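First, one chain by itself in structure tokens, the form predicted alone.
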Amino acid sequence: MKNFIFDLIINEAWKYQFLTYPNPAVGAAVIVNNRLFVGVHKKAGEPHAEVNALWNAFRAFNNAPELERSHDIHEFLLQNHNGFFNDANVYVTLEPCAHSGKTPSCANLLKHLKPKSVTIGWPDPIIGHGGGGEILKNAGIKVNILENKRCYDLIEPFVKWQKRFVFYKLALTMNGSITGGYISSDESLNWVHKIRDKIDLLVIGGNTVRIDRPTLDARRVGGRAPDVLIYSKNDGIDRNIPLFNVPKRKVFVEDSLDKINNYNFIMIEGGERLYNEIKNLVDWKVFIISPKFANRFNFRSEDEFEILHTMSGDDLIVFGR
């Protein structure tokens, strides 16, 4: 049962990977009255995964108002739980937070709700953030910490973007073609635009800019456009290309990648040449594989790849390192 629950909440949390920046992607579940309720963290500033799971469970059995703000949900549960969770078992991929920031402490909430047990997939690795497990233990709650590698994989970007996290995004067909205009589906393009709305810097090769003349914004989701670093040994780039005319962004044209050291969350988009040149700087690779074949030049690289997670939709999205 425990393995099933963690498979479920890990998979749900991956749906929001990168989109929670600067927070981690986290999944949680609550079993109460023989029913299972799942919650995930969707966006920084919004309720954490365990709060969503607790709230879903409470509302299934009790009259409660429509609340969305984390502070409001915390306060309502603290005032109205009446021991509802005392026989509940809670599961969460990351140790409940001990500190209060944009949202109140989840560990403090659980301390007062007093579930029977809390099973944690991975302890909080950030200095100053840990201690949630101790708060729960001191409240008499049974705490299990699994150190599940899949739970660490889920938060690795969060751990690294405290300093710098770089991932490479590449769209290709089933037979490895990366040329010929848009390859991925509208669904995947929308997902990429959601990510562009979150990243600090987008890196792209000079040839791609010259040929495709892109905008590289987040217009599909009404999001903000990240700063752009055009990596090119030779400039010769037309400043009338749309990406130069997007408000509130910086665009750099440079022959080095030193600029990435000034940013925390970086996405690189490009082709085979750029990938093979900079792949050793990359923490993760994300491949969007379109279910079609193309009679065009195929992507080639001598590279090893550890698959961390896959998501299926109109395309297959593969996360790895």
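Throughout, we count residues from 1 along the sequence that is shown. The structure presented is a predicted model; accordingly, all values stated were derived computationally and were not measured.
Separately, the form predicted together with another copy of the chain exists; it is not shown, and the next lines address it.
In plain terms, the part of the chain that comes close to another copy of the chain in the predicted bound form, with a heavy atom within 4.5 Å, is 85-93 out of 118-126, 155-163, 85-93, 220-228.
Screening 257, 44, 253, 31 for any heavy atom within 4.5 Å of another copy of the chain in the predicted bound form leaves a single hit, 31.
When another copy of the chain is considered in the predicted bound form, only one residue from 175, 215, 80, 138 comes within 4.5 Å through any heavy atom, namely 175. Another copy of the chain is not drawn, but in the predicted bound form it has no heavy atom within 4.5 Å of residue 282.
Although the partner is absent from this view, residue 313 contacts another copy of the chain in the predicted bound form, with a non-hydrogen atom inside 4.5 angstroms. In the predicted bound form, residue 289 approaches another copy of the chain with a heavy atom inside 4.5 Å. For residue 275, a non-hydrogen atom is located within 4.5 Å of another copy of the chain in the predicted bound form, even though that partner is not displayed.
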